[in-house]
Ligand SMILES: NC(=O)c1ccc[n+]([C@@H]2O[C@H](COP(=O)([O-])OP(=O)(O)OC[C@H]3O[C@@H](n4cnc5c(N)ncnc54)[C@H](OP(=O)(O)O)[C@@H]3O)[C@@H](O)[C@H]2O)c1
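To begin, one chain is listed below as C-alpha cells, in the form predicted on its own.
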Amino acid sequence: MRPVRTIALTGATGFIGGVFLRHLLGQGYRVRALSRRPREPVDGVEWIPGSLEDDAALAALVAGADAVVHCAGAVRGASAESFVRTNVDGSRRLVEAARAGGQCGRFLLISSLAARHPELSWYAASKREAERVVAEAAGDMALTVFRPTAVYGPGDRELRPLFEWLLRGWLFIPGSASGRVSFIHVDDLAAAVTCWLAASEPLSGVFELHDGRPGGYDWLAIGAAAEQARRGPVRRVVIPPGLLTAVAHINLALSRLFGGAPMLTPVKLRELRHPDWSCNNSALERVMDWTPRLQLAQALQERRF
C-alpha cells in the first residue's frame, strides 16, 4: 500500500473539520478542502469551490487524493428531509466520486454516536442511514466509520455554554440526573484521524470514540469535575421536562415560519434525554495506535473549550 500524501477533506470550514485541517497540515499532508465560499490561500491547502450537492466539485475534490476524510454534515434542521439531503445524499455522492476517481485507497466517514439509536431523532436516523449508503457504495474501497460522542473544544458553539455555566457554578440538567453522557476533545479526535491515515494498511469497520473515562459521566460527575476546576461549589438545577418540551416546539414552529435550522426540536429532545450515551474505545485501540489524552476535568481546569 503506497503512503497517503494527499487528503480530500470536507467540513474544513467548520469547527471539527477546521481542527482536522490544522492537524493534517501539521503532519505534512497536502489537503484538498471543499468550501462553499472563496477562502484566503493557505499553504498546503487547495480550496475546491462547491458543496456536497455539486458532483463536479466532488470529482475535483477527490481527483488524485489518496484518502477522503468526510467530516461535513448537518447537525441542525427543521425536518427529516433537511438532514437526509446533507448527511445521506451528500455522503453517497462523495463516496461515489471517490470510487470513480480510482486513486483513493481509504475513506473515513465521521459519523456520530447518535447513529447507535436512529429511532431517537432525525439527526441520528440520518447518520445511521449515511453509514449504510456509504458502505453500500464504497465497494472494495476500505471504509472506516468513526462514531465520536459529544465533541468539544475551542471554536465549538454547542457545548461551550454548558461549560461556561459550569465554571460560573451552575449545572443545568436536561433529563435524569443519573443519565450517562460522554465527551471527546476535538484534538483527541483529530489525533485519531491522523493515526488512521498513518496506518500502513487501511482500516475497515465502525468504531466509537470518547475521552477514555470508563462508563462516561453522569451529571453528578460533570458537576464534580467543574467543582474541581473552579475550586468552588456547583449548583445543580434539573430543568422541568415541560419547559424543555415547550421550548423545543416553539423553536420548531419559529424555524418553519421564519426559516433557519434549529438545534433544539422535539425529536432532538428525545436524543438528549436518552439515559445512556456512554461508549467504549477498546475496539479502536486494539487496531490503531491511539489513546485519548484529555478528559473533562483537565479540559475545564485548562479552559480548553
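We number the residues from 1 along the sequence you see. Everything numeric in this text was worked out from a predicted model, so none of it was measured.
The same protein has a further form, the form predicted together with the ligand, not shown here; the description that follows concerns it.
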Contact between residue 123 and the ligand in the model of the complex at 4.5 Å, heavy atoms? yes
With a 4.5 Å heavy atom cut-off, would you call residue 71 a contact of the ligand in the model of the complex? yes
Please determine whether residue 290 contacts the ligand in the model of the complex, using a 4.5 Å cut-off between heavy atoms. no
Is residue 16 part of the interface with the ligand in the model of the complex - any heavy atom within 4.5 Å? yes
Of 150, 78, 171, 225, which residue is found within 4.5 angstroms of the ligand in the model of the complex when only non-hydrogen atoms are counted? 150
Which one of 36, 270, 30, 236 is close to the ligand in the model of the complex, taking close to mean a heavy atom within 4.5 Å? 36
Out of 240 to 248, 254 to 262, 273 to 281, 52 to 60, where are the residues with a heavy atom within 4.5 Å of the ligand in the model of the complex? 52 to 60
At 4.5 Å, heavy atom to heavy atom, what parts of 96 to 119 sit next to the ligand in the model of the complex? List them in sequence order, or say none. 110, 111, 112
